[in-house]
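In C-alpha cells, the next block holds one chain alone, the form predicted on its own.
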C-alpha cells in the first residue's frame, strides 16, 4: 500500500467513525438488557483492568451527546490506527 491509499483509508474511517456514531442507539445492548431484565446488572459491574479513554461514548465537558459520540468515534479510529501502525512496525522490525 502506498501512502495515498493509507491516507484515503484513514479519512474514510474518520468520516465513518464520526458520522455513523451519530446514529448509535441510546438503548442498552443485548447483554446489558438481559442483565437489567434478570436484575443482576449491579453484580456484573466490575472495575476494569484498563480504564476506558472514552467511557460510554461520553466526553468530559461536552453536553451534546451526539457530538460527544461523534468525537468518540473519531478518537477511537485514531487510537486504533496508531495501535495498528505501532504493532505493524514492531512486527516488521522483528521479521528482519
Partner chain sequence: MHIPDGFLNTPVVISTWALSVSALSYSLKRTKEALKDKMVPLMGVVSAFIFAAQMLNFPVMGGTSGHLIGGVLAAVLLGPYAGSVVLACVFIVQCLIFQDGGLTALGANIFNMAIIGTMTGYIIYRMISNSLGGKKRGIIAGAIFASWASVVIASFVCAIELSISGTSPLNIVLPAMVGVHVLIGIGEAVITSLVLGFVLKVRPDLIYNIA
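Positions refer to the first chain, counted from 1. All figures in this text were calculated on a predicted structure; none of them were measured in a lab. Take the two forms, superpose them, and find the largest set of C-alpha atoms that agree within 1.5 Å; that set is the rigid core.
There is another form of the same protein, the form predicted in complex with the partner chain; it is not shown, and what comes next is about it.
Under a 4.5 Å heavy atom criterion, is residue 43 part of the interface with the partner chain in the model of the complex? Although the partner chain is absent here, residue 43 would touch it in the model of the complex, with heavy atoms inside 4.5 Å.
Using a 4.5 Å heavy atom cut-off, state whether residue 38 contacts the partner chain in the model of the complex. Yes, residue 38 is a contact residue.
Taking any heavy atom pair closer than or equal to 4.5 Å as contact, tell me whether residue 34 reaches the partner chain in the model of the complex. Residue 34: contacts the partner chain in the model of the complex.
Indicate whether the partner chain has at least one heavy atom within 4.5 Å of a heavy atom of residue 61 in the model of the complex. Looking in the model of the complex, residue contacts with the partner chain do not include residue 61, since no heavy atom lies within 4.5 Å.
Within 4.5 Å of the partner chain in the model of the complex: residues from 46-61 (heavy atom criterion): Heavy-atom contacts to the partner chain in the model of the complex: 46, 48, 49, 50, 52, 53, 54, 55, 56, 57.
Is residue 71 displaced by at least 2 Å at its C-alpha between this form and the one not shown when the rigid core is overlaid? No, residue 71 moves less than 2 Å.
Once the two forms are fit on the core, has residue 83 moved its CA by at least 2 Å between this form and the one not shown? No, because once the rigid core is superposed, the C-alpha of residue 83 moves less than 2 Å between this form and the one not shown.
Post core alignment: residue 10 C-alpha displaced by 2 Å or more between this form and the one not shown: After core superposition, the displacement of the residue 10 C-alpha between this form and the one not shown stays below 2 Å, so no.
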